[in-house]
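Presented as structure tokens, the chain that follows is alone, the form predicted alone.
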């Protein structure tokens, strides 16, 4: 099995973070992972809100979040466990993640 790519925090690009968090499904996934006390499995996100997410789409969302440097994923048997890298990203781009998540919350409340 091929190893998963996780960029070093100094290689995390602002453009990649903004792209990853430009999709409402990825934002919902990331918010849940970031607020969790423990690693979250991919299967926990089979549905986001009222939408069921196909496995192939879900895999792509996790790949984008991982390669942007927002999450760290580890294989445990057949499960993929995901944790947030918010602390690392906060060190690289202070205030960025809370600002983006707040903007999404404001937009969702205005809709």
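Residue numbers count along the first chain shown, from 1. For clarity, every value in this text was computed on a predicted model and none was experimentally measured. Here, rigid core means the biggest group of C-alpha atoms that superpose within 1.5 Å across both forms.
What comes next is about the form predicted in complex with another copy of the chain, which is not displayed.
- At the 4.5 Å threshold, heavy atoms of residue 95 reach another copy of the chain in the predicted bound form.
- Heavy atoms of residue 6 never reach within 4.5 Å of another copy of the chain in the predicted bound form, leaving it off the interface.
- Only one segment in the set 52-60, 66-74, 22-30, 38-46 has residues whose heavy atoms sit within 4.5 Å of another copy of the chain in the predicted bound form; it is 22-30.
- Contacts with another copy of the chain in the predicted bound form, taken as any heavy atom within 4.5 Å, map within 92-107 to 92, 93, 94, 95, 96, 99, 100, 102, 103, 104, 106, 107.
- In the core-superposed comparison between this form and the one not shown, the C-alpha atom of residue 14 has shifted by less than 2 angstroms.
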